[in-house]
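Given next, in structure tokens, is a single chain: the form predicted alone.
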């Protein structure tokens, strides 16, 4: 029986949402300082407006503080789903006021793309965008990749934090409490920030010849997008702008770091052997090697690259970017279309697989792929081995775990939902006359939160197709459960008991 939500439920959800908006307001101070330092008064005023609005909304809902702040499972899921709709709306304000978007929906699309760490963009004349707005675009990806709700939990805590934590598609607690796990995640991020920004600044200054301030600007924006597998770059030609294999190598390390779960980071700190035992680590290594091989064979067949070094360099970077869900590219969309055939299939598969669970990457995730293959292999063994043979249901993921039937069913269900989401976007694209290959590529890129494009995502694209891709980014980032909870909450509110 469905029970209609009460006023107390709405108060609690609004209260939790307000806490997150405080975090968004605080985050907006970073690009505001940049704009003021640049004497960019127009951008500064847009950030002041956004920050003021975020803090005003947060303060207004704070007045309706519920008596019981403990969030139940359904409260947490609904809150998270609403957060990931509301934050892009606030984040889009400076973008819409920058005069680099044809319509407000385009600015919201880019803000959603940023927060979900997708990287698809409808911005116009990116090369002349104000630096502070570029910093904000990357900051949205950093905030979304780390987990907006996770940041609020670290600052505010509160009851029912586990539901909010799981609502952001995180199911891995490294330490006993969610609070200590959140602090560990941010500690890892700050460690990589120190390394990544320094390395990129050094390469930019001494290899590319940028002046120190320009090098710092590129280092900060690229780091936030790379580590959080976002894909927003400050220049329209993405990573191809730098023409540097050294820069690409540093970015590659950051992309891999972002695609690893924070549990994997913890295991690496204890020793690589602890990580390589994990089913998920083995699965992602196998899928990466497989998609890379497919891409290499396909590229060799097309003859686009005359020497093996160029083939290896372009193939490796694009597949790594696709599999980690980053979306950086060293080739333009018009060139990526020419990959076709096996190479096109390899990169599309890499995007659909994604990185590790509880990481900043999207896609089906390596653990689900590993568990799916393991389940199918057990079914085959059951059919071939003598009746009554006991088949091991254990797998290793930090510790020895049992693959119960309900786990296998859950993994299969989410994996099939992703396939359905990929097909939905492709079908709408085909309905608008997009060729099959390109429609599938762009749909997978949106739903798996990758950001690579073959040119379908464009400021002149049909509004319906834009909305479909926008919803794919939102649903794919939250991995369905929180979205279903919001729909159920809305339905029960309308129809009652």
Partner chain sequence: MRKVITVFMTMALAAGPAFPAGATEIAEILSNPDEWAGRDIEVTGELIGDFGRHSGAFWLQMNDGPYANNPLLETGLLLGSNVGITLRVPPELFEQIAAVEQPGGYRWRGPLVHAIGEFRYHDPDRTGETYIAVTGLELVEPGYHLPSEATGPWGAIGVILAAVAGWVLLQHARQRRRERRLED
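Being a predicted model, the structure only gives us computed values, none of them experimental. Numbering follows the first chain given and starts at 1.
The same protein also exists as the form predicted together with the partner chain; that form is not shown, yet it is the one meant from here on.
The partner chain in the model of the complex comes within 4.5 Å of a heavy atom belonging to residue 459.
Within this chain, residue 41 lines the site of the partner chain in the model of the complex, having a heavy atom no more than 4.5 Å away.
Taking non-hydrogen atoms only, residue 310 approaches the partner chain to within 4.5 angstroms in the model of the complex.
Though the partner is left out of this view, residue 131 does reach within 4.5 Å of the partner chain in the model of the complex, counting heavy atoms only.
Distance criterion of 4.5 Å from any heavy atom to the partner chain in the model of the complex singles out 244 from the list 378, 410, 180, 244. With the partner omitted from this view, the residue of 278, 146, 287, 314 that lies near the partner chain in the model of the complex is 314 [heavy atom within 4.5 Å].
Of the candidate stretches 76-84, 358-366, 326-334, 340-348, only 326-334 contains residues with a heavy atom within 4.5 Å of the partner chain in the model of the complex. The three marked residues, 105, 112 and 192, fail to reach the partner chain in the model of the complex, with no heavy atom of any inside 4.5 Å. Along 122-140, these residues reach a heavy atom to within 4.5 Å of the partner chain in the model of the complex: 123, 124, 125, 126, 127, 128, 129, 130, 131.
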